[in-house]
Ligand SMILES: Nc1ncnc2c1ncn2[C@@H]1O[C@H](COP(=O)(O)OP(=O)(O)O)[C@@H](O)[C@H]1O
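A single chain, nothing else alongside it, follows as structure tokens in the form predicted on its own.
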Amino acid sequence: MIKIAIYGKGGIGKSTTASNLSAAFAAMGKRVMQIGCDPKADSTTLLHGGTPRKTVLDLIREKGKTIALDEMITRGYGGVYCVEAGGPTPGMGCAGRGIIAALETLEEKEAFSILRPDIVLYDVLGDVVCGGFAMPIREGYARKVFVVTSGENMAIHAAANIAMAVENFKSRGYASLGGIILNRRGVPREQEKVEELAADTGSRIVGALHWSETVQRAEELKKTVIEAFPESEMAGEYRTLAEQVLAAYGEDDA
């Protein structure tokens, strides 16, 4: 089973990238599970037409640990298994602890052995890499971490922090850094700045996406680009990125 975590600063296009990757993997014939690890619970929105769904934490609050596996998981575009960890009631509780509770519940319900996905993709908010937000790195859920960034300073700063967190856990045999995904925003020296980041973190740019109105048009339709505009140049970029991510993953273990 291929286990990937996608990290990045909020608002950088991380969830859009993750969802299009999941759709591209599914188009390859892979059984895919995408797990949203963000209190906003919007990671898989584009995979199921924007329909609101209950998160694992919502269900735990309502029913305790008696919830069934099929209540926690929905099927989205391409048959992708969609899971949203969710978060605490605003102003009460720790979002990181919410992610821990959700992932532990998936384990208890034997989600991975029952559904047997070929690829599990964790979509994780990377503004703060601590507690539950670091769980996919340090608890063996993911084997490779890919960081989404643009050339904007705050995005690069967050990406550097994520890379540092991965490095700190590396000696314990946890997830390693698979590479950086450049999601271009058209800022000055963007390519050079992200190349510098890759060099500073001992990594590399595994793939790059151009800014495109096609992405915004697809989001207005509440769909991935792969679904809404499958013949577009942007859909081709996501398919290429999916191949590049799998290649980077397979360099060490697949």
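Remember, predicted model here, so these are calculated numbers, not experimental data. Numbering starts at 1 and runs along the sequence shown.
Although not depicted, the form predicted in complex with this ligand is the subject of the following passage.
- Across the proposed site, I35, T55 and T105 without exception lack any heavy atom within 4.5 Å of this ligand in the predicted bound form.
- Only one listed stretch (189 to 197, 24 to 32, 205 to 213, 66 to 74) carries heavy atoms within 4.5 Å of this ligand in the predicted bound form, and that stretch is 205 to 213.
- Although the partner is absent from this view, N183 contacts this ligand in the predicted bound form, with a non-hydrogen atom inside 4.5 angstroms.
- This ligand in the predicted bound form is approached by G10, whose closest heavy atom lies within 4.5 angstroms of it.
- The shortest heavy atom separation between H48 and this ligand in the predicted bound form exceeds 4.5 Å.
- Although the partner is absent from this view, M234 contacts this ligand in the predicted bound form, with a non-hydrogen atom inside 4.5 angstroms.
- Residue K40 is the sole member of 18 to 52 found to place a heavy atom within 4.5 Å of this ligand in the predicted bound form.
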